[in-house]
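For reference, the chain that follows is the form predicted on its own, supplied as structure tokens.
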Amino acid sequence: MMSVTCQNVDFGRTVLDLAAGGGCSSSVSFGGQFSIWHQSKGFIKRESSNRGVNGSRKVVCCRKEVGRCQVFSTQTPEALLNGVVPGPPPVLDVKREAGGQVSLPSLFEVVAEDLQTLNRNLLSIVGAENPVLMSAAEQIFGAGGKRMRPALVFLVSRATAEIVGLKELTTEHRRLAEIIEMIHTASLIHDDVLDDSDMRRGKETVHQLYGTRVAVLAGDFMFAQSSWYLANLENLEVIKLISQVIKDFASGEIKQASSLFDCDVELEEYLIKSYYKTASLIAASTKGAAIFSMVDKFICQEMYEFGRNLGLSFQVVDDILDFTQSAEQLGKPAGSDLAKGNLTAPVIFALETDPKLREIIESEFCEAGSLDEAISLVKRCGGIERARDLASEKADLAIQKLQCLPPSSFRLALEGMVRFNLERID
């Protein structure tokens, strides 16, 4: 069995140190074919089993502005140990949209059947007791959501299941994905009420269609229903993990409400709030999936850190798009966070260089055209570029945490999701 850690590659008793001496060269005798791509501080290091004149493994370093981190074997672990070559490494057929971006549906192809089953189950889980709640659920579930969170559950579930020899997902894996999507949907319904948003994913929000009272009750019902299903999983560790997420949602909203138009908000406070509102659920999703695969605690924690860093990167990218995309592209008004006084990463960075921006924000955009002026200042002061660097930094950390997983199409899809997120701002 092969295990891949963040610092070395372990094949039974043979360990390849990826950071020996911090240098760009290494000489370790190793039979068979093996390649490692490792990104560290802007360098990409390729370690290959192609032998040099002394029969040792060669290491090649090259510089690249945007890093990629992939670990794959051209043989299965058994072949590496026994000298048997069964076939090529796992390959994910990733299609690209017009403009060269990674297509999200193609990344989800390896769990497409899992997602189809989830879609069929979601409405039945909500229940048919109340037609208004059913109608509200149909509105939000059918509003073109990407199903990113349940897809992450399925991908991590299948990637970690392979480690322990599970051939099929358990009922708990599937129920977890449904619970996660219900909690996410409930949080969106409540977010739209708090933000008084009229549009979500290009469609009218639940509170716009049915009123605030029904929207609040619909969100409450879905939180309660997901909690009931969570309790029935009868896994105390996962129950605590997901329960903390619901608490984090409230903490994030309180933090945001108490810091509106506050130009002294620091980046660390922004990241904490982003964790509460976005990354906490993603981290719990990926860790919960690993727990139900019954892998060891180290891998469970690495999956948590993967989800946390992906979630933070995702939130930073969303906050950049609020400045760079149109209302039609966003499915909501552009610049809406800044207009409401919610200062995100691009604004926090821009405030460090232009005092005029502070004046405009603290005036709460009382003058005509002041919001547009503030948006222009954020772009001119380098706020977008520095936020992009922050998103890339978190993405690199997420990729590193996947190195504990064996090579598979599921792991490649997880890496692809990290790249897809960054490509949204390319």
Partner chain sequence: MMSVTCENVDFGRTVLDLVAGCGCSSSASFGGQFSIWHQTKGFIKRESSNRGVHGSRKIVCCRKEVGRCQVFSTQTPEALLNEATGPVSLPSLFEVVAEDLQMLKQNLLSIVGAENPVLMPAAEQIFGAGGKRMRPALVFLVSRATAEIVGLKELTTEHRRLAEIIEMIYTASLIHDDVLDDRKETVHQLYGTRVAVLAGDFMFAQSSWYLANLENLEVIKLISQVIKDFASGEIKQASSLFDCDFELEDYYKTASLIAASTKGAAIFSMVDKFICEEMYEFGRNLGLSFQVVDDILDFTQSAEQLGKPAGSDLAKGNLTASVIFALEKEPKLREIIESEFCEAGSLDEAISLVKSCGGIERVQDLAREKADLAIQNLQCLPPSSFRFSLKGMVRFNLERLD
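Residue numbers count along the first chain shown, from 1. This one's a predicted model, so the numbers in the text were calculated from it and none came from an experiment.
We do not show the form predicted in complex with its partner chain, though everything after this point is about it.
Stretch-level contact analysis of 111 to 119, 303 to 311, 256 to 264, 286 to 294 against its partner chain in the model of the complex, using heavy atoms and a 4.5 Å limit, identifies 256 to 264.
Looking at Glu328, you'd find every heavy atom of it more than 4.5 angstroms from its partner chain in the model of the complex. Interface membership of Ser106, defined by any non-hydrogen atom within 4.5 Å of its partner chain in the model of the complex, is ruled out. Although the partner is absent from this view, Arg213 contacts its partner chain in the model of the complex, with a non-hydrogen atom inside 4.5 angstroms. Its partner chain is not shown here, and in the model of the complex it never comes within 4.5 Å of any heavy atom of Phe298. The partner is absent here; in the model of the complex, the one residue of Ile239, Met148, Ala334, Leu351 having a heavy atom within 4.5 Å of its partner chain is Ile239. Taking Ile246, Leu188, Leu169, Ile272 one by one, only a single residue has any non-hydrogen atom within 4.5 Å of its partner chain in the model of the complex, and it is Ile246.
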